[in-house]
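Single chain ahead, by itself, as structure tokens, in the form predicted on its own.
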Amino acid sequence: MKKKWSGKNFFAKNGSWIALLLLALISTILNGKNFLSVSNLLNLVRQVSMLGLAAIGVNFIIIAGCKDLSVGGIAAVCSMMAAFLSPYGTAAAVAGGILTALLLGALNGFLVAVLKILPFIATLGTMIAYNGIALLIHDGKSLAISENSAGFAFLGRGLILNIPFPILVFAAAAGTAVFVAEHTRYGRAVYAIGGNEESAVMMGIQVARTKMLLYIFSGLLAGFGGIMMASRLNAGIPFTGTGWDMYTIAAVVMGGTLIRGGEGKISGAAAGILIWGVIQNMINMMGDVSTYWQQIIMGFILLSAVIIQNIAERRREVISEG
């Protein structure tokens, strides 16, 4: 029997994408065909693709009922580490950055999954420490990529079939994450933990192992985002990930993931990141509008998303009690 189409359900499940389309329509009206040009759209997505990688990992973690405030710090450390190792060649720079990301993510996982420290406190501490490490690597200064790593530039500025490489990486990561979340046992375990951790334990789910892998995965994505940012800017910058902790959470919540965990879609985080990109692009194209409006607009959109979630949750509670 086919389910009856419901407008409310459709908007609830696809609200972030509808909001993205409305913002795109507004930008088109304000900026004309310039917004819809291929070059502008590719540039828009490329600008947010590094942050988008981190948001994918954070989305998984929030679905599991946890938090990760350290993604910006991990991106900064990996950016600096790649630049520090660049004199030894592209392979050393990339491998060193990725290994660093895995180790920092694993440390987060150990604190949360093994020592059972509250995720907010654990990752707040590591965020501060990681930012300090990024500053320590080159005494708080930027570090240029060595000429010995000529191929390193491709990661942030290269093209494949005229599509920027960072966009392809972001799309591949998002597609893989959607498949894992919706079609694997591990994905179902993540949702179960976020819904009710005690019930997940009774179901035989290895909660500690699942959480550990989540933080390693999040660290890897944030770290590679930092590496691509270093490639794009041709330098490791210790402030690379500034604001990523809040921006990723904002994108995830705007994408429809409940902040308490247990419910959300990986594709929603992609929509949330693109909303951020469209607002940024819209303000830049208008020229005479202060960029400070970007944060104000994003703040109001985030608050609206949280309010809508709270209203929906209360309605569910009323229905279940009735």
Partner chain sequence: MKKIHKAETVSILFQKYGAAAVFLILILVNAVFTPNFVNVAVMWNIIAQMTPIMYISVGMTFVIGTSGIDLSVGSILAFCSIILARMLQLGYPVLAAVAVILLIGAVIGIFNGFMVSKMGIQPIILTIVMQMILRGFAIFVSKGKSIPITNSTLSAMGLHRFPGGVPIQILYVAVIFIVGSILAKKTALGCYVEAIGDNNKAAFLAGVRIVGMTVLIYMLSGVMSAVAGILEAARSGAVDPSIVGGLYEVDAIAAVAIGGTSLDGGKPNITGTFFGVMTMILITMTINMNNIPYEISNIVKAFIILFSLYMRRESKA
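Numbering follows the first chain given and starts at 1. If you're wondering where the values come from, they're calculated on a predicted model, not measured in any experiment.
What comes next is about the form predicted together with the partner chain, which is not displayed.
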Tell me which of 152 to 160, 241 to 249, 90 to 98, 179 to 187 has residues with heavy atoms within 4.5 angstroms of the partner chain in the predicted complex?
241 to 249
Given that the partner is absent here, does Ile145 sit within 4.5 Å of the partner chain in the predicted complex, heavy atoms only?
no
Does any heavy atom of Leu124 come within 4.5 Å of a heavy atom of the partner chain in the predicted complex?
yes
My question is simply whether Ile296 lines the interface with the partner chain in the predicted complex - judged by any non-hydrogen atom within 4.5 Å.
yes
Please check if Val48 has a heavy atom lying within 4.5 Å of any heavy atom of the partner chain in the predicted complex.
no
Note: exactly one of Leu168, Met212, Leu111, Ile205 sits with a heavy atom within 4.5 Å of the partner chain in the predicted complex, namely Leu111
Proximity to the partner chain in the predicted complex, single hit among Ile133, Leu233, Leu102, Ala192 (heavy atom within 4.5 Å)
Ile133
Pair Leu302/Asn31, Cα separation in the predicted complex versus the displayed form, closer or farther by 3 angstroms or more
closer
